[in-house]
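Take a look at this one chain, the form predicted on its own, written out in structure tokens.
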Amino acid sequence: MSDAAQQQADSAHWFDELRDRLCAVFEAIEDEYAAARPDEGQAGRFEREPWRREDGGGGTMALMHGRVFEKIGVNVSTVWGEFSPEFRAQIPGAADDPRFWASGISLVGHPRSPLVPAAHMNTRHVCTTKAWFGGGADLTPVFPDEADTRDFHAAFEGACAAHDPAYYPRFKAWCDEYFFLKHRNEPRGVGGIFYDDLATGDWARDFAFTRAVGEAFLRIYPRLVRRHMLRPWTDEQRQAQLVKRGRYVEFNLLYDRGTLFGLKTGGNVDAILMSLPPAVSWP
């Protein structure tokens, strides 16, 4: 196996492993909630649905509708083929050779309680004539909580600092700029980190950082969910949540690069649009 093929296999394996660990912790949270509130029904469980891409590769959707999570999806995919002519110029290394290979994981959680923040995390490895990593994580509360914001950012600052002290300020600023609804002149949430085209020349170092991003999310987000999931909430707070979700929809359909990449490369439409919330309202 060539070095490039081994690297691709290692990264795809990591995304599958991280998916399994994330699904396990969120199912455990569902169990904890069901034990505390047995009158509200059974704990949620992920349902996995594999899919194949006609031009090469495929993936698995893992989707759960539960008591804590109104909808949470953890999807992995590994696909390959050729970029369409109109898309090649937008991808590093694809202008002269349209062939590509890409693998990644994407998580979006929409809690039932408006007091539990929604969250997004994705990491990916893309290979054309070049190879790089990208991804990040961000938090979207309906009612921002200072402690949640501090702890979420601290988790990713720690992950960044272990690899390069310059990463956190750079990737935090990138996240603030990227997850911004220009047409409303407002941020989508309270930020996190975002990075793309990460290729320092040391593949193992870049892969280690990408794993650290996944590990940081695995540690911090379940902690924030458990912090708030049993708190009571009102109809007014629920309505505010539905309106906030509308902003989420607007961003993902108007600006999100991952959505565009998936649609332009013939991905599974249901998996690509997994990020959309199950119920939403516009005032």
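Rigid core here is just the name for the largest C-alpha set that superposes within 1.5 Å across the two forms. Just count from 1 along the sequence shown to find any residue number. Predicted, not measured: the structure shown is a model, and the values here were computed from it.
Separately, the form predicted in complex with a further copy of the same chain exists; it is not shown, and the next lines address it.
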task: Using the partner position in the predicted complex, report whether residue 112 sits within 4.5 Å of a further copy of the same chain, counting heavy atoms only.
output: no
- prompt: Does any heavy atom of residue 65 come within 4.5 Å of a heavy atom of a further copy of the same chain in the predicted complex?
  reply: yes
- prompt: Though only this chain appears here, would residue 28 touch a further copy of the same chain in the predicted complex if you measure heavy atom gaps against 4.5 Å?
  reply: no
- prompt: Taking heavy atoms only, is residue 205 within 4.5 angstroms of a further copy of the same chain in the predicted complex?
  reply: no
task: Identify which of 88, 163, 172, 71 has a heavy atom within 4.5 Å of a further copy of the same chain in the predicted complex; exactly one of them does.
output: 71
message: Please pick out the stretch from 34-42, 220-228, 244-252, 51-59 that is in contact with a further copy of the same chain in the predicted complex, where contact means heavy atoms within 4.5 Å.
response: 244-252
Residues from 250-283 in contact with a further copy of the same chain (non-hydrogen atom within 4.5 Å) in the predicted complex: 250, 253, 254, 260, 263, 269, 270, 273, 276, 277, 278, 279, 280, 281, 282, 283
- request: Once the core is aligned, please say if the CA of residue 264 is shifted by at least 2 angstroms between the shown form and the other one.
  value: yes
